[in-house]
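To begin, one chain is listed below as structure tokens, in the form predicted alone.
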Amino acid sequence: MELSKEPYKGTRDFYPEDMYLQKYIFDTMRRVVETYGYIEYGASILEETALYKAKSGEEIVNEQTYSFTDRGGRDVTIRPEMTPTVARMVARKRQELAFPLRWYSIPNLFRYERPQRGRLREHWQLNVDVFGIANIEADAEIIFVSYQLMKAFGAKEESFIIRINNRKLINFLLSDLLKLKPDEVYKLSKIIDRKDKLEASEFQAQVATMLADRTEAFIKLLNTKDLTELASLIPSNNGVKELLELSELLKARQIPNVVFDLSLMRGFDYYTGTVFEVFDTSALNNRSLFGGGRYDDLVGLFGEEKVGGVGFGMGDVTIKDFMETYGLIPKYKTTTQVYICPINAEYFQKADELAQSLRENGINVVVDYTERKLASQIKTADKQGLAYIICVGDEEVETGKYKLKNLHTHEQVEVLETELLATIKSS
């Protein structure tokens, strides 16, 4: 049987150009979140399946996880998300940690779902979380960090919006106002979560199966964008109060593109308060990019005292699609700066000495040991995107002078061996 050259469905190979972009994305993520005092953590890609059954949601566990029984008879899952893991880690050392915590990670995650634009079976995701701050200031900071990340990737305000909602508000509407039972609340919340993925008529039909003649009034309420008007109707609701406070905090931070969206749910069952999502406004990529929210009960699942948490996850696939949509992909640039071309094997040793001298001074150098003609060596250097070549042969060794050619500008200078480092660094 002939082996396939393709990667497993829904995963990617990262050739150097792809890895360059991935590193740019990760470096940008790290740079932004670390300016706000977030520190990096990590964990195993494997977790006990019970961790996700507890709070991630039935759809995630039953339909989208890579789960198996290991040789010790334990039910194990390859992580589909990171929030349950970080909650477990916080619970494990609850008494030792100095709160509040500001943590981040960039793990790879796996979900068994249909690969499509913006969604693969494996992706990497920046996870940013605050633990130990109960007030809405932490929610505002998390959303502000999200906004700053978008700006760091080159986004303009008009290219994205930040939608906000609160689970306390939607739970009040479903449980107290509509008098739905807990299982009905769960079912309708899942329908609402799929609202943007359904045709308006299909969404109305699904809601009608549960609300009957109350459907039209409920959908009208769901489509309201006026938080102040809604607040006047239910002023005592804690979700509304938190949304009003959050809106003022975000306004004070001068974020101009925040909108209230009562239909915003977020898919995970563990959210307890604020939820938000960043949406691309382009007609070419009009979709959710990433989001998050507050979860105050996760740490308590492990038998520890509750610790309030709020955070978000930004995936590498959706941010890459966003960058492509707006022409923000950086041009590939190799990390190797100099390509040394010996004219034959006799000059390998001298080429090595020259290369090592430059490496010891911070220059990345490769030596061509193929014994090909110089033209072929130079062609390779040019194709790989290197900036400089240095040829080593009879004349160079005898005179101590080397021709340093810039393949990007086609300029060439002849300098002494002792001047090579300074010339490269000054170019």
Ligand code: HAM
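All of these numbers come straight from a predicted model, not from anything done at the bench. Start at 1 and count along the sequence shown; that's the residue number.
Separately, the form predicted together with this ligand exists; it is not shown, and the next lines address it.
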Report yes if any heavy atom of Glu113 sits within 4.5 Å of a heavy atom of this ligand in the predicted complex; otherwise report no.
-> yes
Using 4.5 Å between non-hydrogen atoms, is Phe312 touching this ligand in the predicted complex?
-> yes
Indicate whether this ligand has at least one heavy atom within 4.5 Å of a heavy atom of Arg79 in the predicted complex.
-> no
Just to confirm, Met89 within 4.5 Å of this ligand in the predicted complex by heavy atoms?
-> no
Partner-facing stretch of 291-299, 254-262, 217-225, 346-354, counted where any non-hydrogen atom is within 4.5 angstroms of this ligand in the predicted complex = 291-299
Only hit among Thr318, Ser146, Asn165, Thr85 for heavy atom within 4.5 Å of this ligand in the predicted complex is Thr318
One residue of Leu120, Ala208, Leu178, Leu249 in contact with this ligand, assessed in the predicted complex (non-hydrogen atom, 4.5 angstroms) = Leu120
